[in-house]
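The chain below stands alone, shown as structure tokens; this is the form predicted alone.
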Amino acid sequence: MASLGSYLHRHPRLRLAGLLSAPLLWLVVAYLGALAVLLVSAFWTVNGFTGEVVRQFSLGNFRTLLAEEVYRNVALRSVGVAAAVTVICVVVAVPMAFFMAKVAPAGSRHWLVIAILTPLWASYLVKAYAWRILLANDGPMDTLFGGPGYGLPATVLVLAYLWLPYMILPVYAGLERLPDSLLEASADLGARAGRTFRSVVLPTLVPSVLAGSIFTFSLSLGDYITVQIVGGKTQLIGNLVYANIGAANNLPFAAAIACVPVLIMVIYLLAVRRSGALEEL
């Protein structure tokens, strides 16, 4: 045992490989392996008479997705919901994060971070059903504001509430790294608040917002529980996947539908890669 320890001490790269082997193996098997199985099974079909999976290559599932208008509408609706949730989170998160990073006293900032993280300690379902009570007919929201009730707006509202911390934290981290001396220098040179924001704050803010949007956009794009709880008759991509796995018992078609958000997120990640947003995660 001592000889093994001394051998690893003399070979740091081998020691590093040993430390990383278990998590990398888990990543390859559990995550990349699952994606590979998903992609392969998307090209299978289901026998309409027996209901058994036919493991032969076919593009039928993807032809159906492209040909049927209902699936195109659901995909566009899902992207629209994810984009709306992201925009709402940005509008709310930027002033909150700026206050936490630049206005609040240094001694209270960690308490504000804890306050932002506190909702994440509660169960997803508890928070979603709490919003169902708030949005119900004759509920608090209906009594005070006359709506919105269940439906697409309620889905966007609840998802924005659920994923808001994932936008606040990257923006806060980015703004915290912005030196106060730059803001002071901008003011000393006579720049107004708008010019300071565009020239000093915005270059730091944009990568942080893009980093947060990766979370809010992807989590909203694949969500199916919230829309079932407060969405009424609204259908999103996640609902179609769930329905084809359950009642329809069509796993290959569910896999083909699930490839849509995966493809969208791959394109999105490639688009923001050069912005430096991934470094903010």
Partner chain sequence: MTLSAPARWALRAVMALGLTFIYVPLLLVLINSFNGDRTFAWPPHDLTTRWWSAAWANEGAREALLTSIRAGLGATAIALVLGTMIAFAVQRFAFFGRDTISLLVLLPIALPGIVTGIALDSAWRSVMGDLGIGKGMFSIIVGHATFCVVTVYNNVLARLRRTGTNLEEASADLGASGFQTFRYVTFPLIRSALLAGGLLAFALSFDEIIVTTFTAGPGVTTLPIWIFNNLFRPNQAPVVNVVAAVLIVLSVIPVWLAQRIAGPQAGAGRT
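Residue numbers count along the first chain shown, from 1. C-alpha atoms forming the largest set that superposes within 1.5 Å between two forms make up the rigid core. Given the structure is predicted, the values throughout are model-derived calculations rather than measurements.
Below: the form predicted together with the partner chain, not depicted.
> Please state whether all three residues Leu65, Ala154 and Ala271 have a non-hydrogen atom within 4.5 angstroms of the partner chain in the predicted bound form.
No, none of Leu65, Ala154 and Ala271 comes within 4.5 Å of the partner chain in the predicted bound form.
> Is there a heavy atom of Gln228 lying 4.5 Å or less from a heavy atom of the partner chain in the predicted bound form?
Close contact exists here: in the predicted bound form, Gln228 approaches the partner chain to within 4.5 Å, heavy atoms only.
> Although the partner chain is absent from this view, report whether Tyr161 comes within 4.5 Å of it in the predicted bound form, heavy atoms only.
Heavy-atom contact with the partner chain at 4.5 Å: present for Tyr161.
> Closest heavy atom of Glu176 to the partner chain in the predicted bound form, within 4.5 Å or not?
Yes, Glu176 is a contact residue.
> Answer for Leu189 alone: is it within 4.5 Å of the partner chain in the predicted bound form, judged on heavy atom distances?
Contact with the partner chain, no.
> Note that the partner chain is not shown here; using its position in the predicted bound form, name the residues of 117-136 with a heavy atom within 4.5 Å of it, in sequence order.
Sequence-ordered list: Leu117, Thr118, Pro119, Leu120, Trp121, Ala122, Ser123, Tyr124, Leu125, Val126, Lys127, Tyr129, Ala130, Trp131, Arg132, Ile133, Leu134.
> Tell me whether Gly194 is among the residues that move between the shown form and the other one (Cα shift of 2 angstroms or more, core superposed).
Shift at Gly194: below 2 Å after core fit.
> Would the C-alpha of Ser108 be classed as shifted by 2 Å or more between the shown form and the other one after rigid-core alignment?
Yes, the C-alpha position differs by at least 2 Å between the shown form and the other one.
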